[in-house]
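This document starts with one chain, in the form predicted alone, laid out as structure tokens.
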């Protein structure tokens, strides 16, 4: 029996191949369309409970408002934005877990978050390992520059150093009580300030008092009494406060209880703004100071528009704005502009595109992203008023570029950060010409151990 072999006509083969190619192209196109229709995911990593909720909850709301505004304006790259909110609950190790959840499970394109430096240190190894983007909106101690983090809050040369210069040159202060919460930001900032006071202004050891308290500290009676005694020794005295979170309420209350007013011993705070003052009777605090890069009382059209938008969003005529909110406003707009510039949300492309991006701030100027991933900011000092607002009493004539590394610490003054090619280094030693590389894991371990 003969088996007949039936030949396939060449035209049939060609038609079949064409059909396969067409199907593949259509499938790929459909997949691309589906991807283009997917929302851009924006992670929000702020404490909504615990001791830092007093400061951080409003920052979560700020990012959600900015996302809503961006969507109303057509989104980004023709795509809508979607907020992905988690609550790390003022628990520093939990910040790292929630960051990993946002990047690995939710696959967010960017994260806006953190307040305390210990929470940022905890998150740092995660965003570097998973190549995420973190925009950090709060003043901090410097001594850091990560390829994956953009620092939109103040470095010490944009807040702490100018504040001390103001106290010495404008107020005539000769003794300093450095009072802070016991974690990496106050400790490192006070190391910088102590060196600055001694080396630059000749302040003696006995004229510097340092005290730390835990998060959520509430019994300030003995510490405030010590501050009062320290200020009664014949020299003009001021408190430099790096107290964070809800501990500020009993701290200022105790100052009032013991009759310490700004005429006696002025307090200049680095972590108290309009939001924190909403929980305090500000009448007895009039004249005490805060150093920031923005106050709600800034007199510009941009600021009034932002305040109006915030009140409309919250539905609260008494809602206040503050410095970290402006930092998120700047950071969000910088990220959006970098995405437009890059034509993609790809992390590496956005990192390259964002350096040099300049966007309006709320004080009438512009903020620019520098190669060290810090931005330019004006420095403002304000006096507390009885309505909970600040009267701006001093400001720099122009913006100040943030320094990642302090000029006043021996291990830092030889370091620079520049994330542009070919250097691409956050801790380049200009003396020996070498890059120290990432120390995120070690820094996280040290910060969490304190």
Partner chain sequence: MRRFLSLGLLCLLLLSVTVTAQAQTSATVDADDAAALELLEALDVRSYPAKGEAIIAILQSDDERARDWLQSLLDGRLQRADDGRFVVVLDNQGRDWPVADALTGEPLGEMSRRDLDRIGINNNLRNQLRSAIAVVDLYSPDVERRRTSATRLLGEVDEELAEPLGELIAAEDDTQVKRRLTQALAIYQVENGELEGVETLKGSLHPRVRVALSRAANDDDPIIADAANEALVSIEQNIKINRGLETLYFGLSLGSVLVLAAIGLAITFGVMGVINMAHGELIMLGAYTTWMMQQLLPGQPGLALILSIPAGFMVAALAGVAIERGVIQFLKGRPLETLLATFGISLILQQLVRTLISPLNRTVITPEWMSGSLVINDALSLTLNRMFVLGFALVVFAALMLIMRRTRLGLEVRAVTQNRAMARSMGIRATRVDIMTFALGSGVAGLAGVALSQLTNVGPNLGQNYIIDSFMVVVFGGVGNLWGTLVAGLSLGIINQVLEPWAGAVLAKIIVLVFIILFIQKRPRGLFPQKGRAAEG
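Residue numbers count along the first chain shown, from 1. Predicted, not measured: the structure shown is a model, and the values here were computed from it.
Missing here is the form predicted together with the partner chain; even so, the following discussion is about that form.
Do heavy atoms from each of 219, 222 and 383 fall within 4.5 Å of the partner chain in the predicted bound form?
-> Yes, the whole trio is in contact, each within 4.5 Å by some heavy atom.
Stretch in contact, per heavy atom within 4.5 angstroms of the partner chain in the predicted bound form, of 197-205, 243-251, 351-359, 333-341 = Going by heavy atoms within 4.5 Å, the stretch is 243-251.
Heavy atom within 4.5 Å of the partner chain in the predicted bound form: which of 70, 412, 396, 57 fits that? Just give me the one.
-> Exactly one residue meets the criterion: 57.
Which one, 363, 345, 275, 188, lies within 4.5 Å of the partner chain in the predicted bound form by heavy atoms?
-> Only one option qualifies, and that one is 275.
In the predicted bound form, does residue 50 have a heavy atom within 4.5 Å of the partner chain?
-> Close contact exists here: in the predicted bound form, residue 50 approaches the partner chain to within 4.5 Å, heavy atoms only.
So in the predicted bound form, does residue 213 come within 4.5 Å of the partner chain, heavy atom to heavy atom?
-> Result yes; residue 213 sits at the interface with the partner chain in the predicted bound form.
May I ask you to state whether residue 129 is within 4.5 Å of the partner chain in the predicted bound form, using heavy atom distances?
-> Residue 129: no contact with the partner chain in the predicted bound form.
Is there a non-hydrogen atom of residue 182 within 4.5 angstroms of a non-hydrogen atom of the partner chain in the predicted bound form?
-> Yes.
The partner chain in the predicted bound form - contacting residues of 387-406, heavy atom within 4.5 Å | Heavy-atom contacts to the partner chain in the predicted bound form: 387, 391, 392, 393.
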